[in-house]
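The chain below stands alone, shown as structure tokens; this is the form predicted alone.
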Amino acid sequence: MSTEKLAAFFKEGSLFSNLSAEELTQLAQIARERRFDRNQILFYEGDLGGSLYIIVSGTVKIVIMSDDGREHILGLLHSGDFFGEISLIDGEPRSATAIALDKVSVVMLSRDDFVRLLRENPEMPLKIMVTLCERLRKTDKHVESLAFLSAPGRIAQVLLNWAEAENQQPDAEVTIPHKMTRQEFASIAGTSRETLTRVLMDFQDEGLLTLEKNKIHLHQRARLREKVV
């Protein structure tokens, strides 16, 4: 992408949406593009962190592994989402593994270039910190839901979060495209695959949603919110 297109892309995304046109142009000048194939590892947990990633297209799975080899999915990220920001800021090793679920195109910002740009533009850090605080609040809510909600409540909350990302209108019907296995979905919701399947079938029987291959159609989001208990 050209510098102008990169600047426009950064403006549309969440992390840099508060920056001025001049700041966005400076950011675009230090960015580089990279592509990954399906199932390719972008980085491993424990790798030295040197870049921030912003997704142009495709889906990236962020996971951590337990000591016994089980995978826990922290999130599925799509176009406009960013990751790798923790290591970018503190220079410490990666706290999770990032995996491309399909063909993925990203824009990358190296830590050295990014830190230099922040030093040259003292107002930029505060603008970016606002967005990072929003990310932390969402993470806190996810942790809270895993700790206190029932299994149906957690599954309903995950579905509602995805629905909001697809359509901001709170009561509109929405189709959620995905390429997850049931095990991956269950991991995000903090439950077993068997429990997930049972709950989804119950939701479908109640007319809340319709399940198709690689798609979930949500029909009654208001009623689904009632399940978040």
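Residue numbers here begin at 1 and follow the sequence given. Predicted model only: the values in this text are computed from it and were never measured.
Omitted from view is the form predicted together with ligand CMP, to which the following refers.
Within 4.5 Å of some heavy atom of ligand CMP in the predicted complex lies at least one heavy atom of Phe83. Ligand CMP in the predicted complex is approached by Arg135, whose closest heavy atom lies within 4.5 angstroms of it. Although the partner is absent from this view, Ile62 contacts ligand CMP in the predicted complex, with a non-hydrogen atom inside 4.5 angstroms.
In the predicted complex, Phe203 stays away from ligand CMP, with no heavy atom inside 4.5 Å.
Proximity to ligand CMP in the predicted complex, taken as heavy atoms within 4.5 Å, picks out 87-95 from the listed stretches 101-109, 87-95, 150-158, 119-127. Note on contacts: among Phe36, Trp162, Phe43, Phe185, the single residue with a heavy atom within 4.5 Å of ligand CMP in the predicted complex is Phe43. Every residue of the trio Leu74, Leu77 and Thr139 has some heavy atom no more than 4.5 Å from ligand CMP in the predicted complex.
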